[in-house]
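Only one chain is shown below, in structure tokens, and it's the form predicted alone.
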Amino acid sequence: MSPVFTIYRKELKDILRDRRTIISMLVVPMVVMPIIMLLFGGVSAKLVQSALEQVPEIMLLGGEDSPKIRAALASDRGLKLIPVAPDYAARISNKTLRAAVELPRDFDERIGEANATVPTKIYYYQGELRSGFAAEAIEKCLRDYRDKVLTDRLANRGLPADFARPLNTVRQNVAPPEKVGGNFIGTILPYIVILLCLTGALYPAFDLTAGEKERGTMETILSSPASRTQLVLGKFFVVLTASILTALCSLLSMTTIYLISRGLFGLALKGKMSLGTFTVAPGSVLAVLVLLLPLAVLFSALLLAVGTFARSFKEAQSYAGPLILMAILPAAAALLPGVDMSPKLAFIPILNLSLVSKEIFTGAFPWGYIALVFASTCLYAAFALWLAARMFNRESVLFRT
């Protein structure tokens, strides 16, 4: 192993002298990512807050013969009625009008009947935030009016106000704060760390293989007393160091983001959303880091094999796009609702780590799944390392033109 560590020290010194490597390993995860996420979080919070505080403009279609409901809608401080126009649908689609509500004929008369149910229709832009808030505000106003009419009906019959409510449901959270916070953080954090773990190894792997070919120094390295396997192991450990260091830096930056955002953006937006209080056990973070180690080995060895196969650094970069996509899709699949850990999913690389990390961050340690994920990822990593060594030992691949 002595020649391997000699090559490791030499290559690590060369990599650390490269400004682009320092940027990808340290500056991006430690500085750029926190700034981007803090700015994104702050802007998002302000935009949602502004949309909630804005009084939406709506149109009231029909209801000319129903002054009571028109007065109820007009007096609602959360709504602003504007004159009716025939192109209300186009205005809603163009975001110049938030929503419109259509009332049937004789609304007041029909709703005053004993057993009447009067349908109303709300037009809005599905998927548009402010239009959705406007539709919710209209529904709230109509619900309040409906409850008032129901209360009057019951009072006229000498019945209590809760007579028509035989069942009243109340939501009560029974999960401890660490589970609530862990479920949220365990969904987002592994996705970011996995992506940065891959990108942290990307540039060093390509620079130590395809970059060596372009600089014409590959022949010089091969003429050293070290064997091909020792050379590839030395380069592999450098790439692995870069990958792990980037992942650790990203975890540190995510912790910083959480602490800062908790102080800056920990506000409730009119009771609709809140950052809440999240607590994560240090043991959960340590367990995820252990599981991340074989994945870093897998990424490092795979990227080293790709860089060895490429004729130039530019060609290696062209292969990076599909590789990043192959890492993003399984990691993003863990964000989907209803996707939980199972024996079959425990053998799918990247996805298995994302799913088991979500369980670990909630305080649950499914040791059977943890063992399956760790063993399967180690198996894939060993194959990738064997592939990288095999390519480095083949002249037809190493000096491919």
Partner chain sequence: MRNVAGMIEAFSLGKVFPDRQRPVVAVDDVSFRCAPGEIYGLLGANGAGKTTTMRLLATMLRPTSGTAIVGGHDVVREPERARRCLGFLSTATALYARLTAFEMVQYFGRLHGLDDAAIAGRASDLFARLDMNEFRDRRCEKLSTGQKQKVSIARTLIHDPPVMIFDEPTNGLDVMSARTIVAFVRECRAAGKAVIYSTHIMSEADKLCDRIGIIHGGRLLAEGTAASLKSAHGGDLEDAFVALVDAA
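The structure presented is a predicted model; accordingly, all values stated were derived computationally and were not measured. Numbering follows the first chain given and starts at 1.
Keep in mind the form predicted in complex with the partner chain is missing from the figure; the text below concerns it.
Participant: Under a 4.5 angstroms heavy atom criterion, identify the one residue in Lys140, Arg153, Arg228, Lys80 near the partner chain in the model of the complex.
Facilitator: Selected residue: Arg228.
Participant: Identify which of Asp162, Asp144, Glu219, Glu113 has a heavy atom within 4.5 Å of the partner chain in the model of the complex; exactly one of them does.
Facilitator: For this set of options, the contacting one is Glu219.
Participant: According to a 4.5 angstroms non-hydrogen atom cut-off, is Arg157 in contact with the partner chain in the model of the complex?
Facilitator: Close contact is absent here: in the model of the complex, Arg157 is far from the partner chain, nothing within 4.5 Å, heavy atoms only.
Participant: Indicate whether the partner chain has at least one heavy atom within 4.5 Å of a heavy atom of Arg215 in the model of the complex.
Facilitator: Judged by the heavy-atom cut-off of 4.5 Å, Arg215 is in contact with the partner chain in the model of the complex.
Participant: Within 4.5 Å, heavy atoms only: does Thr120 come near the partner chain in the model of the complex?
Facilitator: No, Thr120 is distant from the partner.
Participant: Evaluate Arg9 for contact with the partner chain in the model of the complex, applying a 4.5 angstroms cut-off between non-hydrogen atoms, and reply yes or no.
Facilitator: Yes.
Participant: Out of 145-153, 95-103, 121-129, 220-228, where are the residues with a heavy atom within 4.5 Å of the partner chain in the model of the complex?
Facilitator: Of the options given, it is 220-228.
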